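Single chain ahead, by itself, as structure tokens, in the form predicted alone.
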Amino acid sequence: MMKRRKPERKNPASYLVMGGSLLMLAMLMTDLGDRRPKPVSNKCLEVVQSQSVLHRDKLSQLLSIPERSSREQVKAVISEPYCRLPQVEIRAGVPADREAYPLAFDPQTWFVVLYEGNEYAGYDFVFKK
């Protein structure tokens, strides 16, 4: 005659571990939500030169300038920006100035140059569509 196995009962401690794990997961998800970076505003703080645009040849020259070059080296290639955008913090504790140049061949796209102090820190594109 076959003997029937009794269904295993879970130890009450296992329910406690599962409940604790779910609680930790919920707390972790809540905590991560607070650490999300805030969206960066791409609204002009100040319009510098309302007619300023960036042509393809200047864009090509700009893209060949290595990061950490001097601000003057970049300014030798491009003229005054269309506007200045709010500062951002790319590296912790180092504010970066941003200057926007609409592209001559696509005015809805801005080429944004970043400076940390007097150093060229890189670029970004902003799509205004």
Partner chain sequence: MWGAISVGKVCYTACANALRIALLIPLTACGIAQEPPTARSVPIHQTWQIQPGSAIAGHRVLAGLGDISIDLAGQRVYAPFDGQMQPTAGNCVVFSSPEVPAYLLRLCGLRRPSLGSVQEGQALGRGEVLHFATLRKQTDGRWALVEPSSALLTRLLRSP
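Residue numbers count along the first chain shown, from 1. Please read these numbers as outputs of a predicted model, since none were measured by experiment.
Below, we refer to the form predicted together with the partner chain, which is not included among the displayed structures.
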Residue 103 within 4.5 Å of the partner chain in the predicted complex, heavy atoms = yes
Contact flag, residue 51 vs the partner chain in the predicted complex, heavy atom cut 4.5 Å = no
May I ask you to state whether residue 76 is within 4.5 Å of the partner chain in the predicted complex, using heavy atom distances?
-> no
Proximity of residue 46 to the partner chain in the predicted complex, heavy atoms at 4.5 Å = no
Using the arrangement in the predicted complex, list in sequence order the residues of 52-77 with any heavy atom within 4.5 angstroms of the partner chain.
-> 56, 59, 60, 63, 65, 66, 67, 68
